[in-house]
Structure formats: C-alpha cells, structure tokens
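Here you get one chain, nothing else, as structure tokens; it is the form predicted on its own.
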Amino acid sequence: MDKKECIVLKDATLGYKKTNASISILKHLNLTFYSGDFVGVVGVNGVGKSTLLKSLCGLLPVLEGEIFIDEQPISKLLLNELAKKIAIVLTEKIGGFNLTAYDAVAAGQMPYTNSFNRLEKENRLIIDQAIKICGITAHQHKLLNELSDGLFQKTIIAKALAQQTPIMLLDEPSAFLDYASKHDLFILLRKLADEENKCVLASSHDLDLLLKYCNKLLVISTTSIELISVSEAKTNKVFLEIGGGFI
C-alpha cells in the first residue's frame, strides 16, 4: 500500500495552558507519521507522552508551530471532522448512568449518524464487528462499572475501532491487561497498521512488546525526541536508559 503523510508536526511546541501562562513540555518538534506506521511511544513517566497524544488529537492546543492532520492544520478542523480522522484511547476511565459496554462502543459511530444520532443497520454491523474483534461479545450488555479493568480497556479500544479512523492514538493501552491479552492487543494493532494501512501510535512501558510488534519507536527524554526504526532500538542510548539495562 502507498504510504501517505497522516500526521506532520512543524516546529511544534506542545504543553498546556495554566491561567495566563503556557507550560511547554515538548519543544520544536518536527516529525512525520505515515499510514501503515505502528509507532511505540516510549519514555519515563512525566516526560510528555500523554501530552503528545492529547495534542495530536486536539485535546490540548498547540502552543507554537503547527500540527497537520491529513495535510490540514489541526486548528482548522471541526470536531466532527477530527472525529473521523483520529480515534484516541486514554488511560482515564469514563462512566455514565446505565451506560453499557455496547453503548460505549456505539459512541464510536456517532460521527457517522444523522443529527438525531440514530444507529442504522450499517452502523450496528460496524459496532458488532468491533466488539467481536476485541473479544467482548459476552460482556457487551454489562454496565461499564461492572467490567474488570481489562474488559473496560478492550471496550474503549473497540470504540476506537468502531470510529473507523485512519489514525489511532493509544495511551498505555496494555496497562490493565493480562499477559496473553497484551499480545492479542498488539497483534491487532499491528494488523490494523499492516492490513488497514492505519497510522497507529501507542505509548507503553511494555518495551518488549513494542520491540516485537512495532515498526518504529518515538523515544522521548527530557533533552531529546527521536523517531527511530525498531532495528535501531538496541543501539539507541536513550532507549537503553529507559529500559534500565533490562532490554
């Protein structure tokens, strides 16, 4: 499949705004992520991995420079347009009164419904497929607060799948999964990159899984940020430091 530029950062400074001040976390980034990329985002806690992902999907404003999504400045995209381009899975739990796992996954199809948000047959087929792929069919009618951490995480990933976006961003998606489920998840993400030509970025502390399934790594430290191939990882000083000598 042809590779196309999905995300481009041009001299972008990322962070957040607090009262009247801007707090810069990642400065002057120039990066390009392509369709078919499966990028593992690595770094110690607090270095800016979540800041990057939240900025890429518009949850945090770009402090300087610009982020382009599908060649369009992110600041110019309407929320509904952005929802058809990027799906994000965050570590924060969501909830809601009598909200089931099915309801949560169905929310991924909302950008494709009419003004009344009515789900048609074609919408439900996509929702059912996402539920099946993520292995939560037997749990789809349970309330979200009845799900284990692992099942909840799979539910939110199913929602992202149902959103049908060319870009998927995941913040610690394997954090609450058992060992086998971690591998199942990364196999699925690799398949989406390879076969669906999606651009997938996933932050994780499971460095062994990133080395096994990703094709690129974004290595973030307090002094640098590098986009490298997985084959370069074991000779990359910062990556080895992040691994603490255990990789």
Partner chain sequence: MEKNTTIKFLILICLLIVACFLSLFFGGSEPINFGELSSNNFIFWHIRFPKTITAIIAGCTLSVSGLILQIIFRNPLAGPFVLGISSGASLMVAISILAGSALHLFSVFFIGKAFIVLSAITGSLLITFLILGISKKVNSNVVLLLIGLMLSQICGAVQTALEYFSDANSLKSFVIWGMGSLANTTNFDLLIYLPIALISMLALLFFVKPLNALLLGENYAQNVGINFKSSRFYLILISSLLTGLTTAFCGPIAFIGTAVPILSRMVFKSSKQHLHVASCLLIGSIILLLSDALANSAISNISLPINMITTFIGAPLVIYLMFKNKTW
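Positions refer to the first chain, counted from 1. This one's a predicted model, so the numbers in the text were calculated from it and none came from an experiment.
A second form of this protein, the form predicted together with the partner chain, is not displayed here; the remarks below concern that form.
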property	result
Listed residue that, although the partner chain is not shown, lies within 4.5 Å of it in the predicted bound form (heavy atoms), from Ala83, Leu77, Leu147, Leu177	Ala83
Contact assignment for the partner chain in the predicted bound form, among Thr137, Thr113, Gln72, Gln164, heavy atom within 4.5 Å	Thr113
Leu99, heavy atom within 4.5 angstroms of the partner chain in the predicted bound form	yes
Residue contact check: Leu90 to the partner chain in the predicted bound form, 4.5 Å heavy atom	yes
Heavy atom of Leu31 within 4.5 Å of the partner chain in the predicted bound form	no
The partner chain contact at Gly58 in the predicted bound form, heavy atom, 4.5 Å	yes
Stretch in contact, per heavy atom within 4.5 angstroms of the partner chain in the predicted bound form, of 215-223, 32-40, 191-199, 49-57	49-57
Three-residue site Leu211, Glu232 and Asn236 fully in contact with the partner chain in the predicted bound form at 4.5 Å by heavy atom	no
